[in-house]
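Alright, two takes on the same chain below, each alone as structure tokens: structure 1 and structure 2.
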Structure 1
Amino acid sequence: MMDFVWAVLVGGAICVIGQLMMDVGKLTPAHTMTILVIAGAVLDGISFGGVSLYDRFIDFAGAGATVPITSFGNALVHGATKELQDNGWIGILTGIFELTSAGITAAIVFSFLAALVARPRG
């Protein structure tokens, strides 16, 4: 039961931080999203004992850390570093797309479907 509680609290806190960045900091949604993705990437780049800080965060918060946009930055860096170790420098590019391709594809497909339904003007 506590796993669900922590997931809701941590995921909600990340959303509150993003909302405060837009409301109080007057940042655009694009700037807010970029900062949160970079934060996830930086937290994945910091490791203690061979385990990244974001991986420890995921172990603690579960879906509260994997669902928000910060996990996209985590996936970018995590994939790049893993493939760099396995395949060398070319692995940086392939690793980025290997872990994030499903999310990118889903965003494109669902955006297209939403555009068909909503019929945007202009």
Structure 2
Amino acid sequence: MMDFVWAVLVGGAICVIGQLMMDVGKLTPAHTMTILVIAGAVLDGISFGGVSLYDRFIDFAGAGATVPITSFGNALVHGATKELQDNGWIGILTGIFELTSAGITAAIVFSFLAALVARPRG
């Protein structure tokens, strides 16, 4: 049950940070998302005791850490460092999309199918 509490608190808090960047920082939504993704990537790059900061964050917050867009940056770095470990430097190029494939493929395929059937609005 505490998993749900932390997921809601952490996920909600990340959304509040995004809202503050748009309202107080007066950034566009695109700039806000871009900065959040970069933040996720950098946090995953910092290892602490062999485990990356973002991984510790996921252990603690569950979906609160995997659902916000910051996890996209995290997954990109994770794929790259995993392949780097297994295959050497070429892994940085081959591994970046390894873990985000599910999200990107799902988004492209579902969006395309939706565009086939849906009518533009407004």
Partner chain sequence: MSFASRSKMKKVTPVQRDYQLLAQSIEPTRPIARNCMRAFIAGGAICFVGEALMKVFQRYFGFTEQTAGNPTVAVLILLSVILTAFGVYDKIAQWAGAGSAVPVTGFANSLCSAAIEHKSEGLVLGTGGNMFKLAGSVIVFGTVSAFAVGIVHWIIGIKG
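Note that the structure is a prediction, hence the values are computed from the model and not measured. Residue positions are counted from 1 along structure 1's sequence. Basically, rigid core = biggest C-alpha set you can superpose within 1.5 Å across the two forms.
Comparing the two isolated copies of the chain, the second one is the form predicted together with the partner chain. After superposition on the rigid core, displacement of the C-alpha of C15 between structures 1 and 2 stays below 2 Å. Comparison between structures 1 and 2 places the CA of L113 4.1 angstrom away from its other position, after core fitting.
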